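A lone chain, given as C-alpha cells: the form predicted on its own.
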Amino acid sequence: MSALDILIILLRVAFGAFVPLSFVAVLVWMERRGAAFFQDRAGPNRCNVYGIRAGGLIQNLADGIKLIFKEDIVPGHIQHKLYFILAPMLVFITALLCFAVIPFADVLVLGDREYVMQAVPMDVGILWFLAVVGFGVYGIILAGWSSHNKYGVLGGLRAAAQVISYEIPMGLSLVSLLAVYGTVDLSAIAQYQGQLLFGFIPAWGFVLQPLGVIIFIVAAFAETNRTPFDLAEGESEIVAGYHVEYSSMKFALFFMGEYVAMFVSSALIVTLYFGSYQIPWLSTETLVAHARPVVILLMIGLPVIAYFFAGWIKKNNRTHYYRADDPRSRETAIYVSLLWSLVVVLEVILLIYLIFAAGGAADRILVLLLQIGSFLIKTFLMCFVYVWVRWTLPRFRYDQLQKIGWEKMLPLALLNIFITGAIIVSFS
C-alpha cells in the first residue's frame, strides 16, 4: 500500500467522521434561526465574543461550554447505571456509523488506481444502513427503562412502537427503488443517477419513484424522532420522556445523536432520490472533459455570488433601530472582508490550476471537490426541510401516528411495489 493510498483512506475516514459532527453545530444553528424565521422572531443574536456573533453560531459555543462543565448527575434511584450511561452513547454512535457507507463523490481515478469515495467502502450499501439504524432505538429504550421513571419508560415504549410501525413502509419503499436500480450498492446507485432519461431528464430517484420518495421521507422523519413524529419525547405529555433523568454531556449526546441522524438521513435521501453527488446534466466524465470551461465559469461566478451574498449580509446584519455607533456595522465589515478574502484566495487557486495544473489528475481532483460540494449543498437543503416541517406542523396524537403508519403508509408502499413491478416487466 502506497503513501497515496494511506492518505486517501485517512481523508475518507476523516470526512465520514468529522463532517457529520461539524454539521451538528450547523443544524443547531439552522434549527434556531429557522424557528425564529417561521415564528417571526429574531433568533439567537446576543451571545458574542468581542462583538462577533457569527449570525448566532457563538450561542452554540456557549451551550457547548455550559454542557461540558455542567454537573453530571446520576439519580440515586437508578439501579442499572451501566445501561443508563450506555444509552446516549448508543444513540450517538449508531447515528454516526450510518454515514460510513454513503458515497460523497464518484470513484476517484488516479493513474491505474480507483478509490471509492465512502468512509468505509462496502457493497452491502443500503443493507448496512437498515441494519445499523434499527439499533438507535435500543438506546432510547435503554434510556427510558434504566431511568426507572414512568415517563421515561413511556417514551421508550413509544419509540419502539414508532420504529416498528415506520421501518416496514421504509423497507418496502426501498424494495421498489432497488428493483429499479438493480443493486444495493449505494455507490452504484449514485452512478446510475448520472444518466439521462429520454436524453434530457436526470434519472434521479424521485423521477423514477415519485410515490416511493414521499413514503421514504415520511418514514425517515419518524425514524429520526423529529416533529411531527416526536412522540418519544412529547414534552406536553411525558415531560421529555426517555431523557428526562439525564443531564450534562449525556443529555447533550441524545441531541447530538438526533442531529447526526437528521444529517445522515438527509444524506441518504439525497443519495437515493436526488442524484447524490451528481450535478444535473453534468456527469463525471463530462466534467472531466470540460474541466477548463467549468473553472472559467467558476472564476466568473464566484465574485457575482459573493457580491449578492455581501449585500444580503449588509441588509440583515444590522440593528433594526438607530444607534450612534452600531457595533453590528463593524461586525458586518469583518464578515464582508473575510468573504472577499476567501473569493480572492479561490480565484488565485483556480488561476494557478488553469496555468500549471490543468489536465490529468488535477481535473479528477477538481471534479471530486465539485461533487463533494454538490452533495453537501443538497444534504443541507434536505436538512432545512426537516427544520421547515418541525416548525410548521404540530405533533401527531399517538393514535394518528399509528394510523398513518399502518393504514396509509403500508398499503401505499405495497401498491408502489406492484406498480413498479408491473412497469419493469412491461418495459423490460
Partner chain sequence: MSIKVRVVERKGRTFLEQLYLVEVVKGMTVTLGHFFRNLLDNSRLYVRHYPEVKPEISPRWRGRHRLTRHEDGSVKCVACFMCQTNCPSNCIMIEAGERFDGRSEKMPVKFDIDLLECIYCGYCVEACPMDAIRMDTGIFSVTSNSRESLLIGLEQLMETPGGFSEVDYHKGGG
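Positions refer to the first chain, counted from 1. What you see is a predicted model; the values in this text were computed from it and never measured.
Unshown form predicted in complex with the partner chain; subsequent notes refer to it.
Asker: Of 347-355, 332-340, 318-326, 168-176, which is the one stretch near the partner chain in the predicted bound form, taking non-hydrogen atoms within 4.5 angstroms as near?
Answerer: Residues of 318-326 come within 4.5 Å of the partner.
Asker: Test of understanding: in the predicted bound form, would residue 160 fall inside 4.5 Å of the partner chain by heavy atoms?
Answerer: Close contact is absent here: in the predicted bound form, residue 160 is far from the partner chain, nothing within 4.5 Å, heavy atoms only.
Asker: Residue-level question: is residue 34 within 4.5 Å of the partner chain in the predicted bound form, judged on heavy atoms?
Answerer: Close contact exists here: in the predicted bound form, residue 34 approaches the partner chain to within 4.5 Å, heavy atoms only.
Asker: With the cut-off set at 4.5 Å between non-hydrogen atoms, does residue 393 touch the partner chain in the predicted bound form?
Answerer: Output for residue 393 is yes: heavy atoms within 4.5 Å of the partner chain.
Asker: So in the predicted bound form, does residue 365 come within 4.5 Å of the partner chain, heavy atom to heavy atom?
Answerer: Residue 365: no contact with the partner chain in the predicted bound form.
Asker: Using a 4.5 Å heavy atom cut-off, which residue among 298, 93, 201, 214 comes into contact with the partner chain in the predicted bound form?
Answerer: Spelling it out, the residue with a heavy atom inside the cut-off is 214.
Asker: Let me know which residues along 266-299 have a heavy atom within 4.5 Å of the partner chain in the predicted bound form, or say none if there are none.
Answerer: Read in sequence order, no residue approaches the partner chain (within 4.5 Å, in the predicted bound form).
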